[in-house]
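The chain that follows stands alone, in the form predicted alone, written as structure tokens.
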């Protein structure tokens, strides 16, 4: 009775059409996300016997995974990769978005140049960067040589392999994050900046007290999706670090191990345990970010 008094017929009609409009998306999420997640969990409790036959082994895959030092090494690599790429990529993207959003000549050309990596295939990006990082004839070592610096084996040295991959990942994601942040910057009313200029606020103070708080919801979206993408990193590592690379153990991520177990060793049960553990890590980090965002994200 209370609902009938609270919602009019027009409201109920809007609700109905709202549910109808989101139904395809919800159906897609259930089929493409929830069902594979349930299948992965079931596979993680089984051992692959070959020819699509499985044997239930309970938590053995998880016990094996937690006692496997290779897994912990890969988790450590993934976290280091995440810590390197996400803050740097977000910071550089915000600076670029602010610059190309200002009143400068040819900003359309700059936007195109920075967004260009997003329309290039990751395989092409990896090939170009592998050539640039080549220890013998790469352009980076050539430039270092002109400064009198000895050549660096970027991709085969365990201490630089993960850093090299991180540089490529940051470069590849700058355009996408810059565009998202530009949308956030354009939503800030100019009247705030005009009022600040009348009060004599410098550009730095305007950025700190107007831009940052008002773009923080967009910034939060960029950060949270950046963490998810970094933890799920696979393609760049796979294409730049071959399986015979001596630095592989120091650069392989958790999903690289998943690929190795699932599609090279055909150990889908153990691989599913790895991917379920990755899912839990992402959920925990995402949950922490949602709690912490209350302290720095400002919604109008």
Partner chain sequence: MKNSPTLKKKGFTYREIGKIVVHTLLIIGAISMIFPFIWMILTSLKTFGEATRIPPTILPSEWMVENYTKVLNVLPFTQLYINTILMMLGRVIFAVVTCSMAGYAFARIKFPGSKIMFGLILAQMMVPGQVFTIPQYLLVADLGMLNTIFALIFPGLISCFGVFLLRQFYLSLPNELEEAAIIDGCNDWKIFTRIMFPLTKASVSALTIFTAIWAYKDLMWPIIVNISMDKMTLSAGLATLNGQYVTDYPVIMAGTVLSMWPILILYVIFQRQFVEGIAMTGTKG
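Since we're looking at a predicted model, the values are computed, not measured. So that the term is clear: the rigid core is the largest set of C-alpha atoms that superpose within 1.5 Å between two forms. Numbering follows the first chain given and starts at 1.
Missing here is the form predicted in complex with its partner chain; even so, the following discussion is about that form.
**Student:** Please pick out the stretch from 77 to 85, 130 to 138, 156 to 164, 201 to 209 that is in contact with its partner chain in the predicted complex, where contact means heavy atoms within 4.5 Å.
**Tutor:** Looking at the partner contacts, the answer comes out as 130 to 138.
**Student:** Is the gap between residue 66 and its partner chain in the predicted complex 4.5 Å or less for some heavy atom pair?
**Tutor:** Taking the distances in the predicted complex, the answer for residue 66 is no, it never comes within 4.5 Å of its partner chain.
**Student:** Would you classify residue 255 as touching its partner chain in the predicted complex, given a 4.5 Å non-hydrogen atom cut-off?
**Tutor:** Yes, contact at 4.5 Å.
**Student:** Can residue 49 be called a contact residue for its partner chain in the predicted complex at 4.5 Å between heavy atoms?
**Tutor:** Taking the distances in the predicted complex, the answer for residue 49 is no, it never comes within 4.5 Å of its partner chain.
**Student:** Decide whether residue 54 counts as a contact residue for its partner chain in the predicted complex under a heavy atom distance cut-off of 4.5 Å.
**Tutor:** So residue 54 counts as contacting its partner chain.
**Student:** Would you check whether its partner chain, in the predicted complex, lies within 4.5 angstroms of a non-hydrogen atom from each of 118, 171 and 179?
**Tutor:** Yes, because 118, 171 and 179 each have a heavy atom that approaches its partner chain to within 4.5 Å in the predicted complex.
**Student:** Can you tell me which bits of 83 to 119 touch its partner chain in the predicted complex, meaning any heavy atom within 4.5 Å?
**Tutor:** Counting only heavy atoms within 4.5 Å of its partner chain in the predicted complex, the contacting residues of 83 to 119 are 96, 99, 100, 102, 103, 104, 105, 110, 111, 112, 113, 114, 115, 116, 117, 118, 119.
**Student:** Superposing on the rigid core, I want to see if residue 70 changes position between this form and the one not shown - specifically a Cα shift of 2 Å or more.
**Tutor:** No; that C-alpha moves by less than 2 Å between this form and the one not shown.
**Student:** After core superposition, I'd like to know whether residue 246 moves between this form and the one not shown (criterion: C-alpha shift of 2 angstroms or more).
**Tutor:** It does not, since the residue 246 C-alpha is displaced less than 2 Å between this form and the one not shown after the core fit.
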